[in-house]
Ligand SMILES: Cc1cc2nc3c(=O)[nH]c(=O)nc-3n(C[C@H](O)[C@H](O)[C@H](O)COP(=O)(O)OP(=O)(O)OC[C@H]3O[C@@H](n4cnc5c(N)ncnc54)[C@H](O)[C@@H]3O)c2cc1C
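Encoded as structure tokens, the following chain is the form predicted alone, with no partner shown.
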Amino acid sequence: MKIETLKECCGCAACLNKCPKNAIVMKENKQGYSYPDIDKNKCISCGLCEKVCPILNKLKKSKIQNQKFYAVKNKNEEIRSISSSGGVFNEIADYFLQNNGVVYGAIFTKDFKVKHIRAENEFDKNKMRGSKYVQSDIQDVYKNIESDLKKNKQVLFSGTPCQIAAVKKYLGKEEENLVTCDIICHGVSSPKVFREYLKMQSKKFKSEITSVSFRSKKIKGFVQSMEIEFKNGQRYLQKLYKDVYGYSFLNEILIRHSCFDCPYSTINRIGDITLGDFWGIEHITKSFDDKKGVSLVIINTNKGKEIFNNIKDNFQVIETNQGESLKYNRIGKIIKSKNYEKFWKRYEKVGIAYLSIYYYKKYICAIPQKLINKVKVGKK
């Protein structure tokens, strides 16, 4: 397998999972994105790594028929309050657990890295709630999914569209017991930059971090907000577009190279069910918009339809159409920021300080003068 350019790898780790000789490991580059590193002494040139790659060997998507669009709110206000939007994923996951199935999704670890795990109980499933605007470490999840399917387990896998494509390429056939749930994805961000951002916040507040949320609902109204709680009792709460990390993510500065040419960011979705925020719901029906979060649910397959119908009574639901649902929800090509290359060139020299100084000057983080001077020197 040869990756000629950075955009030819989405970091899904399907190749790592498929390699029969364990010749592949995922290694971070200078920007913090993971790419496969192949041990040529172990490699037997079987070609399986390229065969399962969803970028080099794209998954053929069947045309979706009778796609359905819904605005959805969980009737359980407690669940909705701790969910990113309308609290839909929680009910889908609970349905699988209640029927002796397993759920795979992304969580924050104790040190706030993002990784996919397997859950067969409510405690682990609850860790999957909430958005994580960082690329997840998939580890050997595809192998575990394959093992569960062989045991005739009902499996739910939630992830980005490229991760859904990767698990399907890895399995090599349509699995009746596998249901996939993809998200309306804005692209994935650098784990390295996120680590540095958290370290900066911890230093600023002079305390260890105890919790992180990209989608806190503590600020009045349904807005994207970054909330960080600290061991000393302090709390950082800021609208995402006013936060240095959030601002740069939303403005396509921190997005992985492959995301700008993603073949799966189309209305012809890769998952059985697609979940996202229903931005613009107030323009469709004001009575449904209570500023506490509404989910956009897109049903793409008969499997997705069956699951949704089984849990529909847990929600308040309004059926919409494609035009209404996507008017304020971007599905399609992500446009690279004009400052993208400039940022990464400077970042590799200076680190997180460059993000703070040049991409959100209103940010109130105290930055050492020597770093500011270093940036100014690098700019010449």
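Remember, it's a predicted structure, so these values are computed and weren't measured experimentally. Residue numbers run from 1 along the displayed sequence.
Although not depicted, the form predicted in complex with the ligand is the subject of the following passage.
Listed range touching the ligand, judged in the predicted complex by heavy atoms within 4.5 Å, from 129-137, 226-234, 199-207, 146-154: One stretch meets the cut-off, namely 129-137.
The unique member of 193, 106, 71, 240 whose heavy atoms fall within 4.5 Å of the ligand in the predicted complex: Contact check passes for 106.
is_contact(residue 271, the ligand) in the predicted complex, heavy atom dist at most 4.5 Å: Contact with the ligand, no.
Interface membership of residue 246, the ligand in the predicted complex, 4.5 Å heavy atom rule: Judged by the heavy-atom cut-off of 4.5 Å, residue 246 is well away from the ligand in the predicted complex.
Residue 279: touches the ligand in the predicted complex, heavy atom cutoff 4.5 angstroms: Judged by the heavy-atom cut-off of 4.5 Å, residue 279 is in contact with the ligand in the predicted complex.
In the predicted complex, residue 166 touching the ligand (heavy atom, 4.5 Å): Result no; residue 166 lies far from the ligand in the predicted complex.
Non-hydrogen atom within 4.5 angstroms of the ligand in the predicted complex for each of 17, 141 and 170: Negative, none of the three is within 4.5 Å.
Within 176-192, the residues that have a heavy atom no more than 4.5 Å from the ligand in the predicted complex: Going through 176-192 in order - heavy atoms within 4.5 Å of the ligand in the predicted complex - the hits are 183, 184, 185, 186, 187, 188.
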